[in-house]
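Shown below, as structure tokens, is a lone chain in the form predicted alone; questions about how it binds or moves come after it.
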Amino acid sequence: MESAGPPHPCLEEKTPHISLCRPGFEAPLREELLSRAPPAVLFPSPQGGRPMQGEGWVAWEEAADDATEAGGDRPLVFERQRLPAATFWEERDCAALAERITRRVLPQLAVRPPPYALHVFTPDPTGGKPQGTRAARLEAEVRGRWAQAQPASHAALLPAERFRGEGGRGSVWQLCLLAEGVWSALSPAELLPELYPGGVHRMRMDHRAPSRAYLKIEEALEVLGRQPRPRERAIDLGAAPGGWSYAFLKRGCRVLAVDRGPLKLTGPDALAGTLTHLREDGLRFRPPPGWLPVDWLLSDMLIPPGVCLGLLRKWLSGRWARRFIVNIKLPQREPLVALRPVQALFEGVPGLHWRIRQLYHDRREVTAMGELPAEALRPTKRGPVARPRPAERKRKKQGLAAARARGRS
């Protein structure tokens, strides 16, 4: 059986890059691609001049002729995964598709040094059982043909978890399954923003966690690549009902939960860490001097991006936290415009290592993560100056007035 070619003439000579995103965020992803350095060129649809895209994916190419280096020195906010130099195969039958595509790809894969990984997925992992069943069948067909084509001593197509354990070296063969066919891309692992199939970090829910928000902080910690250690100090602003606090308490941290609402933690005394709940406004809260600098600033408050920007500016200018994980809620229109002041703030902080990503468990929101180097946390001579509370200001004014009266007498 002959291998199938691309379905459209415009794909015979060029192989676009495919960037995946959360369905519904194709527009901000396109905007990011056009403003990156070097800038991208949206790949034209064969049916007209409009960009080629679908639900959860956008096709593009480099402005230069270098199609192997899908560049960009910082991960894009809305890009979940990338398929560099992808080829489209128009076929709905899984067996026929596996037969045709493996004839083309397996010889290319066999000459590369192991390890190898095979990722088969759909752009929208919540697209329903039929799509998931079809992807599982395609993966089984491809793996079966690989086993038939290669001697038993040859390296296998590793599952994603084992491949990540190899340290991110080797090659990844990605098959992104659409209703009408599949995008196929074979690339070195270092060109991919994620080593998870489709860029999806699907976390396991802990039944003791009080809210779904627990999944967001667990994914953020995995993306950050740094787990909280016992006895580290974390301040959780807007903590209720307690999903983020719970994630740090179970790791043995000392947590200061700030929220006027109640926490719904079950048996917090049985957890490894210690909890202090302060019924205060997270936006007005100033950390106790004895806690500075805290190891973790956490915030998942339902506030506009501009208010979140002010919160981050206060904590970064005060050098109050070694690292932070802050969730930023997005407006209905122009979400990337709302994030640019936050990006500018981060770029202006010397030594700050940061990233902003829309994680799998995020909805209409993104997660900002960052860490300050130790030398940037050296305390100033005076340290952060706390703004007096209204009652304190009143007492101070009364004291000054009394002093003036005594002086006149």
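Residue indices: 1-based, along the sequence shown. Computed from a prediction, not measured in an experiment: that's the story for all the values here.
The same protein has a further form, the form predicted in complex with a small molecule, not shown here; the description that follows concerns it.
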Do Ile235 and the small molecule share at least one heavy atom pair within 4.5 Å in the model of the complex? no
Although the partner isn't part of this model, could you tell me whether Gly282 comes within 4.5 Å of the small molecule in the model of the complex, counting any heavy atom of the residue? yes
Is Pro335 close enough to touch the small molecule in the model of the complex, meaning at least one heavy atom pair within 4.5 Å? no
Examine Glu79 and determine whether its closest non-hydrogen atom to the small molecule in the model of the complex is within 4.5 angstroms. no
Please determine, with the chain shown alone, which of 80-88, 109-117, 225-233, 251-259 has non-hydrogen atoms within 4.5 Å of the small molecule in the model of the complex. 251-259
If you check Leu309, Leu292, Leu158, Ile303 against the small molecule in the model of the complex, which one has a heavy atom within 4.5 Å? Ile303
Please pick, from Thr133, Ser317, Ser211, Thr126, the one residue with any non-hydrogen atom lying within 4.5 angstroms of the small molecule in the model of the complex. Ser211
